[in-house]
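As a starting point, one isolated chain is supplied in structure tokens, in the form predicted alone.
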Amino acid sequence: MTSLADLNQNIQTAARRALADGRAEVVFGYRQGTAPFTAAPHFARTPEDCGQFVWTSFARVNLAAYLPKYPGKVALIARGCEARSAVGQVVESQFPRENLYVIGVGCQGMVDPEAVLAREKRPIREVTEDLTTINLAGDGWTASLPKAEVLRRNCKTCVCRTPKDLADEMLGGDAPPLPADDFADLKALAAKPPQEKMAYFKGLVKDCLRCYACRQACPLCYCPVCFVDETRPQWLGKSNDAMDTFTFHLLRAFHCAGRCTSCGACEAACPMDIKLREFNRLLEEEVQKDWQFVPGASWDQKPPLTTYRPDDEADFIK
């Protein structure tokens, strides 16, 4: 396995090569953030810009969300979930495949700062990392934590840690795969009667501010006018009315059904720490069960709920 310093160098070299070879006009990646536990999206257009790229466990956004906003050729330094989201953009005709060059990197998961802070109560002044460890430092003390113990929730069920089947170029070694996601964490929730499930999901979003940070962070939300902003007709109100808020999250979840790659960008962006993936995970399981479809796993296969098949038996609606 390569070192983090070597991986950073390889990423910068690959980015410069993509620009020099004409594969890209801009490279999407990350640079180091200015505070502990942070990283910032970085868009490199020159070889000098590429020198800021780093591999980081503190990425919170999904870079594929920027693809529809750029009209030219892009090289995307991608984790598995970002590569899958880029595939989704291509198969849904939001970005042309010929304009996209995917530089894949094996990912062992993103770190959840809240999980770190729950274990380390002392004030943290500096955070560094290597491939498998988070290193913390404060006034007169240091400590280390294995990344595997402080991962974000979505990273614990990732089905594409190494996107080599989707990448045009791979850097670093393969990340150790996780056991296949059997949705075991949803069994108890799925078994609840409808009234209890309704109460559970309404409780999830009771603190929602309707700031729409989840929508803005999501690579699937590219509609020119969101249904929540539509006025002809108006689908729901703009206030913090509990039913309007619940309706927003419910309809958004159905819009993402069979498309969500569990990147966790929505939860990472939410200022109220709402577990938004609970909506999408149940629908993800249904799509896998009924159509054997994993979002973003193929450049050729469109999501089943956006595909018309004359020979579809439609057992799911009988």
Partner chain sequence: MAEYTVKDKLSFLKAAAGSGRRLLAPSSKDGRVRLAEVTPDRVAFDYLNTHLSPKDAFFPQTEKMLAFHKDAAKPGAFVYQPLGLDKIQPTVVFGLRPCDARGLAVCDRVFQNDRFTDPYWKTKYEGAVKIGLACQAPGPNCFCTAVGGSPFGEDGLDVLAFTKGEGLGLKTLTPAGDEFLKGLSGLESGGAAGEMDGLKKAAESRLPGPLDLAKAQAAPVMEIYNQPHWKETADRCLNCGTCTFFCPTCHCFDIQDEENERGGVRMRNWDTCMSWLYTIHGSGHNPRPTKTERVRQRFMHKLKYIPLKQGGACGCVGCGRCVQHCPVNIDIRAVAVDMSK
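A quick note: this is a predicted structure, and the numbers were derived from the prediction, not measured. Residue numbers count along the first chain shown, from 1.
The same protein also exists as the form predicted together with its partner chain; that form is not shown, yet it is the one meant from here on.
So which stretch, 128-136, 87-95, 167-175, 208-216, is the one near its partner chain in the model of the complex (non-hydrogen atoms, 4.5 Å)?
Result for this chain: 208-216.
At 4.5 angstroms, heavy atoms only, are P68, A184 and K197 all close to its partner chain in the model of the complex?
Zero of three within 4.5 Å in the model of the complex.
Candidate from V54, V61, A257, L282 lying within 4.5 Å of its partner chain in the model of the complex - any heavy atom
Flagged contact: V61.
So which of C221, L151, V159, I124 gets a non-hydrogen atom within 4.5 Å of its partner chain in the model of the complex?
Looking at the other structure, the residue within range turns out to be I124.
Given that its partner chain is not shown alongside this chain, does A39 nevertheless sit within 4.5 Å of it in the model of the complex, heavy atom to heavy atom?
Yes, A39 is a contact residue.
Examine S144 and determine whether its closest non-hydrogen atom to its partner chain in the model of the complex is within 4.5 angstroms.
So S144 does not count as contacting its partner chain.
Please determine whether V225 contacts its partner chain in the model of the complex, using a 4.5 Å cut-off between heavy atoms.
Contact check for V225: yes, within 4.5 Å of its partner chain in the model of the complex.
Please check if R31 has a heavy atom lying within 4.5 Å of any heavy atom of its partner chain in the model of the complex.
Looking in the model of the complex, residue contacts with its partner chain include R31, since a heavy atom lies within 4.5 Å.
Scan 271-288 and note down the residues that get a heavy atom within 4.5 Å of its partner chain in the model of the complex; none is a fine answer too.
Heavy-atom contacts to its partner chain in the model of the complex: P271, M272, D273.
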